[in-house]
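Just one chain is shown here, as structure tokens, and it is the form predicted on its own.
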Amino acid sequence: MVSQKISGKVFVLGDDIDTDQIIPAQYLVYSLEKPGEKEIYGQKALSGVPAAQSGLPMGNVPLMAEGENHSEFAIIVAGKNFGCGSSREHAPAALQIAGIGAVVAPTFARIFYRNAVDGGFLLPAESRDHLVSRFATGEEATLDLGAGTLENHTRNEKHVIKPLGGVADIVAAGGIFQYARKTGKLRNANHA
């Protein structure tokens, strides 16, 4: 297991945040391969979340400041069933492009979890408890995979994160195919 830490400001969301809220369908016309268009995914990440749910418990907090290409937030703390809805891999990609390194939630929709890991986009870390009430948007935190904790520096509290096993190594490698090549489980096309 890779010992990895992600530190920064937390963005808090509630339960059942779906992929249409993470990246609304009207933005799926842009290419993830073209740099100028790819930035739009980050700029529009979470733009489908109703204002009352955005940045809970404060409300009305955008993930991305107007005109910016990178969010001030590094970690999302969310409620249960994060990433439910359609099976769009653009959802974890949009969060990564925005600057999010990890989402911490008690449960994830299976397809979001797999897309986040397989694409090497971000770490989907499962918390043992529902942590939405233990964090506020803008608080400083550190996700320490080695220690299995999410520490809220603002409140001086540590919370337990379930072990990720090999998932962290796959994300660190840049996705499932890169991991398979790196570990010798998949040969490069040039060496076939």
Partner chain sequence: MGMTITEKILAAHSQRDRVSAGENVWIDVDVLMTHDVCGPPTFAIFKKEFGENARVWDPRKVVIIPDHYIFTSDAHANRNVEVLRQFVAEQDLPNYYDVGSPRYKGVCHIALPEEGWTRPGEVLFGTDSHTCTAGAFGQFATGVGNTDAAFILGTGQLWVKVPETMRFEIEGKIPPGVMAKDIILNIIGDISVDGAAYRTMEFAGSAVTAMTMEERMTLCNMVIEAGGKNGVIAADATTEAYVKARTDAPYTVYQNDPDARFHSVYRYRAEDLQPMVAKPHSPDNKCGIVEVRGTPVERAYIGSCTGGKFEDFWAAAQILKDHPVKVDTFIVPATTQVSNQLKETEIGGRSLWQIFEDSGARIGEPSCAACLGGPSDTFGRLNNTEVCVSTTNRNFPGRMGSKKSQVYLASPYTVAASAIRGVLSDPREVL
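We call the rigid core the largest set of C-alpha positions that still match within 1.5 Å between the two forms. Residue numbers count along the first chain shown, from 1. Quantities reported herein were computed from a predicted structural model and do not represent experimental measurements.
Another form, the form predicted in complex with its partner chain, is not on view; read the next lines as being about it.
In the model of the complex, its partner chain stays beyond 4.5 Å of every heavy atom belonging to residue 71. Using a 4.5 angstroms limit between non-hydrogen atoms, residue 64 is distant from its partner chain in the model of the complex. Of the heavy atoms in residue 81, some are within 4.5 Å of its partner chain in the model of the complex. Its partner chain in the model of the complex comes within 4.5 Å of no heavy atom belonging to residue 173. In the model of the complex, 28, 29, 30, 31, 32, 33, 34, 37 are the residues of 28-43 with at least one heavy atom within 4.5 Å of its partner chain, listed from first to last. In the core-superposed comparison between the shown form and the other one, residue 9 has its Cα shifted by less than 2 Å.
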